[in-house]
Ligand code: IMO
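Here's a solo chain for you in structure tokens, the form predicted on its own.
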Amino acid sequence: MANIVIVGAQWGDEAKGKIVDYLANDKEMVVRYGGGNNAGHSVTVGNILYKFHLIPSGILNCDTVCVISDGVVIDPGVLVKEIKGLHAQGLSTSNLKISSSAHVILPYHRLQDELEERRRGDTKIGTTGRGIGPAYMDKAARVGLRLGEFVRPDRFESRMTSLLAAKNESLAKLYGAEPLDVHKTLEEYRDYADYLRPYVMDTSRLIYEAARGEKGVLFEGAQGTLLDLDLGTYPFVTSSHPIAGGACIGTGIGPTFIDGVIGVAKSYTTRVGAGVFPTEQVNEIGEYIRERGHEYGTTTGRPRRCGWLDTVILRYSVQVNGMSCLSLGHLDVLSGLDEVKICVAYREPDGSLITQMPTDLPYREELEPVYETLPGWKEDVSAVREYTDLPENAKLFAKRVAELIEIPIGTLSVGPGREQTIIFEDVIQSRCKKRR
């Protein structure tokens, strides 16, 4: 079986978790390769909703090994709570492995995140305040704490004491912040280290062997392409690499081991936080989409900004990810509309058209979306299980999206449940072939 990267094709929140869960059953391993607990992946099985922030969405498949790899930054308190939550639901985490090279989010990272966002005032970027950015800053500055050190009793106290002293001093000077209590922090985080110790190991060789195996690996991204630190809509981005290339950076797997990339997109567009959003609908259409799609953050609960599908950004996502096919979701949310719109270009103030996303999009508030209008469909599609049973106008919509982004549709989702997924096996098999 092929090694496949599942990547968000928009600004995140595309329901990657559902696709990972669906495809994980046939894989030896699912690997989360970036981000932190600023991610929220939801999976619905039957009438039970599972919410994941750090644990890979494949964890519900008990025979699939699930790895939190090197590229992830881990808040140990959040991870312990997430593991215990799964245990309380009667689920095992014996198939969970955590990289000893993953970096640890500590209390001062969260504090710094909040203080810096407050300092920005009107220029804030909409961070979740989870300490993700400051943890990646420390990683890049080579002053971060890796999980392998964190769970070693002979290194824990000296490393933590040294880091807390240094950060207390810098936070006091920069922001006038009160110092964190070193003793209380050590006590709290020692318990986390003890709890997580059995899960921690060198995962790089483990992933390598699985990638060479018959069943293959599913690489799970967090956030979305437009939030990538280098290739996203900077500065309104995250601090890691959600793009498909991040799967290599965050796991130690070379690019020749990646056989295919499945991009996940909604049938409309959403984003959280600040930044230009050309197709945003601050009107009854945006509200209709938000309420029908339950567009509120899994992690923060914040209402998401909603608008029509933007194929300008989707074409960019196809480009930078080397996307093999698209998983198009939330088709059911658009049911009931008289017409649906697809953005195919942006219009400059002088009337000229842009069909490729400009790199300075975050500063291009003057750009106007150019739409194609298609007939909507009134039928409830949530019970449809075969493509042939979809309303003709829904098929027309999906077909037009594929034409505009120049890659085929690999899956269509008509609801959050596992069973509400229409799979085009021939597309996935032909576009994501194992090459070794």
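Numbering starts at 1 and follows the sequence shown. Bear in mind the structure is a predicted one, so any value in this text is a computation, not a measurement.
What follows is about the form predicted together with 6-O-phosphoryl inosine monophosphate (IMO), which we do not show.
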Since the chain is shown here on its own, which stretch among 281 to 289, 69 to 77, 131 to 139, 88 to 96 would lie within 4.5 Å of 6-O-phosphoryl inosine monophosphate (IMO) in the model of the complex, judged by heavy atoms? 131 to 139
Heavy atom within 4.5 Å of 6-O-phosphoryl inosine monophosphate (IMO) in the model of the complex, from candidates L361, L328, A210, V237, belongs to V237
Consider H41 of the chain shown here, and say whether it contacts 6-O-phosphoryl inosine monophosphate (IMO) in the model of the complex, taking contact as heavy atoms within 4.5 Å. yes
Look up in the model of the complex whether D13 has a non-hydrogen atom within 4.5 angstroms of 6-O-phosphoryl inosine monophosphate (IMO), and give yes or no. yes
Using 4.5 Å between non-hydrogen atoms, is V272 touching 6-O-phosphoryl inosine monophosphate (IMO) in the model of the complex? yes
Considering only heavy atoms, tell me if R302 and 6-O-phosphoryl inosine monophosphate (IMO) come within 4.5 Å of each other in the model of the complex. yes
Please state whether all three residues N3, A247 and T251 have a non-hydrogen atom within 4.5 angstroms of 6-O-phosphoryl inosine monophosphate (IMO) in the model of the complex. no
